[in-house]
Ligand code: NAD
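Consider the single chain below, provided in structure tokens and representing the form predicted on its own.
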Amino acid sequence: MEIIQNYINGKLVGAENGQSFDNYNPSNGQVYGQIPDSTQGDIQSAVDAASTAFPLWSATTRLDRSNLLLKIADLIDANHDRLAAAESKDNGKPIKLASRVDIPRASANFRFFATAILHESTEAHQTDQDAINMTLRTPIGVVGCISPWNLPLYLFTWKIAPAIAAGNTVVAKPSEITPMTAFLLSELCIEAGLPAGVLNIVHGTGPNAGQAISEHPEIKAISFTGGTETGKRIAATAAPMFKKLSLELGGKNPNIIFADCDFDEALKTSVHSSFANQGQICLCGSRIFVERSIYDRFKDAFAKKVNQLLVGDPADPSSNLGAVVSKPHMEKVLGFVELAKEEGGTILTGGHQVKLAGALANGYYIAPTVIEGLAYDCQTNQQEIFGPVVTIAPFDTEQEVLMMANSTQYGLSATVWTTNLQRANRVSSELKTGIVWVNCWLLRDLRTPFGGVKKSGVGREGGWDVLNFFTEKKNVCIKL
């Protein structure tokens, strides 16, 4: 039985109330660990530690901060296999995916921001009145970072690394569904010699620990990734307190395939962009629109390839999909499949729970599912499913597909497949999303702004955008 602990003021401790709750392995449905059921008192202890650490940490030189972050990155690399195995066990994803994507990206997050702070520059403006204006950036203070369960260490470090690199101290809460790698990161931070209180990791539920972070008056900024409804609650709590907010929320991303695309590349990548991480990535293309002249050909080829994907043991290198993250989430996703049938959809492939044999018989597995015949504005096409389920439909004109693509309350990302450069530019400019990939998907550069529009969020992460978020700008005017 794995006993997870909080990381507060440089030490590993249980919840102050002595309470804990179960941590499940999605691949077999079994309890394998205990998570601290932290409450307001634990958050207060973490804030106290962060407040005490802030003056010294914010005064630490950029080079010293950078070296500490690089040491943490080195330790992530040195523990790569252990972390990948833990991520797979905790989340249900294939271990090969965690090994190839999640853990290397967690290390890269620390390396990127460790080196970025060494290359910051400030703005200066010479005025006509013989004065110069300088723009300075200073860390905010104690900040809160709340991350989701789909890419646990990947997205946890995506928030923590820039926050502490910029000189802030952090109170962080990982998802209570996937806490293991955040706990292991605590151990690595202790080994790296990160000063006590700079990073505090508190485990627990959203209503208890998460709400306590949102409403704490000494936490000056909140960076949150997760569901739109939770984002609304955080905003309702934090906005009246004038906290800085960065909210990366839901998505219902269109994948638009024009007849002049590179057919084989569009097909191969669309299978990947639909079902990577069991479809549990906020950037997955869940609505596929195909120009009518190639619709039947693409649909048949797509369904055939999807039908060949292997749902299996996350530890088996041959598995393409593992388990979804939890039993309630599995039931939610399968509920959307039933809704699609009620709305007139036809299941081309999948649409059911997968039962594995032996020790994995009680795991949470879903066959990758493709549905056609649905109206663009039905509930299945408007609500975020966040699982291995996609819809596919034909379109006739650019205007039509743009209308359908932009019809949801979300606007996180979109993918466009065409070899016509003018069309690529035209369609990209008309899509109401924060990110557009043309002839590719999830090709990421950590220098670029990341985030959405509409109900997909507020603010941007990545590059200078997130370092600006975690600092305050001050203008200093000096008369010469």
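In this text, residue numbers run from 1 along the sequence as written. Owing to the predicted nature of the structure, the values given are computational and were not obtained by experimental measurement.
Just so it is clear, the following notes concern the form predicted together with the ligand, a form of the same protein that is not shown.
- A heavy atom within 4.5 Å of the ligand in the predicted complex is found for exactly one of Phe258, Phe302, Phe395, Trp149: Trp149.
- The partner is absent here, but in the predicted complex a heavy atom of Glu176, alone among Glu176, Asp313, Glu291, Asp102, sits within 4.5 Å of the ligand.
- Heavy atoms within 4.5 Å of the ligand in the predicted complex are found in one stretch of 292 to 300, 182 to 190, 86 to 94, 231 to 239, which is 231 to 239.
- The shortest heavy atom separation between Ala405 and the ligand in the predicted complex exceeds 4.5 Å.
- Although the partner is absent here, Ala106 is not a contact residue: none of its heavy atoms lies within 4.5 angstroms of the ligand in the predicted complex.
- In the predicted complex, Ser214 approaches the ligand with a heavy atom inside 4.5 Å.
- Residue contact check for Thr205: one or more of its heavy atoms lie within 4.5 Å of the ligand in the predicted complex.
- Shown here without the ligand, the chain has Glu384, Phe386 in 372 to 391 lying with a heavy atom within 4.5 Å of that partner in the predicted complex.
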